[in-house]
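Shown below, as structure tokens, is a lone chain in the form predicted on its own; questions about how it binds or moves come after it.
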């Protein structure tokens, strides 16, 4: 089950809602940083969850001149599916294919000096991201936002900080030009080893 479907089920734990309300809540809680979605995809996911029996119509109503709106609620099957998938996601680490990791696997395509410069640029951007996250979390805490609703931001900050440390060490290793590191890489781009 995809993250957007999990988000719909999780939010319907709170109360029955219309898809528009679900999308509004995703934006208000800044979940688009963790869960990719578009307005149309949200309605598509709601339709799939309804077909699968995870949600059902709670009520349909009209507000003034607006079109009819269907409010959905979570079913017992939806609650069980949500909790089962969440247990799996929380308890079992899985391989996540990240673009930066793929780039590292193919790093020989670029000259070492260029990689060092690109890593310096990455470090600057990571620092900006980390600072923005720290400010966001601090601001949310000042507004008495329950820390539970900030945990994915704290996780993302921890990942960024780990990547900053790795990037700094890798860049230093490239700049040292040690004989036991990257001989083929240097030969490929400079014709001779370190």
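Keep in mind it's a predicted model, so treat the numbers as computed, not measured. Positions refer to the first chain, counted from 1.
What follows is about the form predicted together with another copy of the chain, which we do not show.
Q: Kindly confirm or deny that 94, 119 and 165 each have some heavy atom within 4.5 angstroms of another copy of the chain in the predicted bound form.
A: Yes, because 94, 119 and 165 each have a heavy atom that approaches another copy of the chain to within 4.5 Å in the predicted bound form.
Q: Would residue 40 show up as a contact with another copy of the chain in the predicted bound form if we use heavy atoms at 4.5 Å?
A: Because no heavy atom of residue 40 falls inside 4.5 Å of another copy of the chain in the predicted bound form, the answer is no.
Q: Is residue 51 near another copy of the chain? Define near as a heavy atom within 4.5 Å, in the predicted bound form.
A: Residue 51: no contact with another copy of the chain in the predicted bound form.
Q: Taking another copy of the chain as it sits in the predicted bound form, is residue 131 in contact with it (heavy atom to heavy atom, 4.5 Å or less)?
A: Judged by the heavy-atom cut-off of 4.5 Å, residue 131 is well away from another copy of the chain in the predicted bound form.
Q: Evaluate residue 58 for contact with another copy of the chain in the predicted bound form, applying a 4.5 angstroms cut-off between non-hydrogen atoms, and reply yes or no.
A: It does not: once another copy of the chain is placed as it appears in the predicted bound form, residue 58 has no heavy atom within 4.5 Å of it.
Q: From first to last in sequence, which residues of 3 to 31 have any non-hydrogen atom within 4.5 angstroms of another copy of the chain in the predicted bound form?
A: Residues within 4.5 Å: 3, 6, 7, 10, 11, 13, 31.
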